[in-house]
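Below, in structure tokens: the form predicted alone, a single chain.
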């Protein structure tokens, strides 16, 4: 492994895989986590919300402890619809087909984490042209993902018009991705059937038009006292282990794009956008402002010309690699061991697992009507938290 060593924990805490505690600079033995139990005190009750219910995109069982309207504690079970993926024993290109479908909405992030871990295991030097391709994919994915969070925040507020405006912009970003890569979720981009990307003459114009209309929507939401009041002081949290927009909304300058060497972002002059409100509104502001910086990176790459896709079929041998990239929701870590061209061991540390814990710890003291605003502000995806990879 080029960037990680198995030693005593060093650097900021990222999360856990099945075998490791992940820090920004090292891997340590796993932390033993006690059972998370929700019990009602006298005068309180515990009731389950979900696993299948209105207002949530994915199924999750959520146990809420309350004496009435105020939530005292909350526990999320993402394993209600646990998926098991068998990846060990597969060749790299076959494994890749599974990896890009762990969380289809953030397929590009998983592709990048896997490819850079494989590169770390098998190649002597990083492929700068591949980095540019993965950065382009991930920043377009970040734009769409952040727009989706904003769309979901508008829905519980009853903001029908902004909700549909955000949904339309998100759809147009998906169509832009499809026109460039041949698939709106980046499936097959690095397979033999997709060796190039399509930068037609209208791409920059489309990108600029989407950004202008997003800016008008983002500013109008910030001007709405009703919308702002629903988010301010909702779900406050300030913990050193936060990741992604949740960390940057609490004043931490945590961003794998600048503190992980797995993907080279240096030439894009990226400066993480920081807020200090620690609440759902601060997380909303971080995402909105990151859309601007992502558009700047995307436009820069499109202007420079077409980067290269990965040649997975050219990767051969045995080795161990690791990578950490900044998915739209935070740090995504991949550990990969290869033997004779096949996956011997693979483990991920997903940001949604960390964000679920952050959501749980930020809910006590809030009321029921705060639930959806807070949940959506973390951008949690059960599909990447409720998955077992073997």
Partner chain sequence: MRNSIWFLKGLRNGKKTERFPAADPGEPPLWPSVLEGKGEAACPTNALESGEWNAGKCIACRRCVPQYLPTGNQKTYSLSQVAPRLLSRSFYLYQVDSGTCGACNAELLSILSPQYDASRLNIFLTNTPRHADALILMGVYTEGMDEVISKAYEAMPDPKLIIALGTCAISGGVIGKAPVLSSKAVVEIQGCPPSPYTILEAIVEAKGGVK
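Fair warning: this is a prediction, and the values are worked out from it, not measured in the lab. Residue numbers count along the first chain shown, from 1.
There is another form of this protein, the form predicted in complex with the partner chain, and it is not shown here; the text below is about that form.
- In terms of contact with the partner chain in the predicted bound form, the residue from 128, 224, 303, 313 that brings a heavy atom within 4.5 Å is 224.
- Contact with the partner chain in the predicted bound form, defined as a heavy atom within 4.5 Å, holds for exactly one of 98, 88, 299, 289, namely 98.
- Annotation: in the predicted bound form, residues 83, 217 and 220 each come within 4.5 Å of the partner chain through at least one heavy atom.
- Proximity of residue 70 to the partner chain in the predicted bound form: non-hydrogen atoms within 4.5 Å are absent; the residue sits far from the partner.
- The partner chain is not drawn, but in the predicted bound form it has no heavy atom within 4.5 Å of residue 20.
- Using a 4.5 Å cutoff between non-hydrogen atoms, residue 52 counts as a contact of the partner chain in the predicted bound form.
- Heavy atoms of residue 136 never reach within 4.5 Å of the partner chain in the predicted bound form, leaving it off the interface.
- Contact with the partner chain, judged by heavy atoms within 4.5 Å in the predicted bound form, is confined among 275-283, 236-244, 102-110, 261-269 to 102-110.
- Within 4.5 angstroms of the partner chain in the predicted bound form, the stretch 165-187 places a non-hydrogen atom from each of 165, 167, 168, 170, 171, 172, 175, 178, 181, 182, 183, 184, 185, 187, taken in sequence order.
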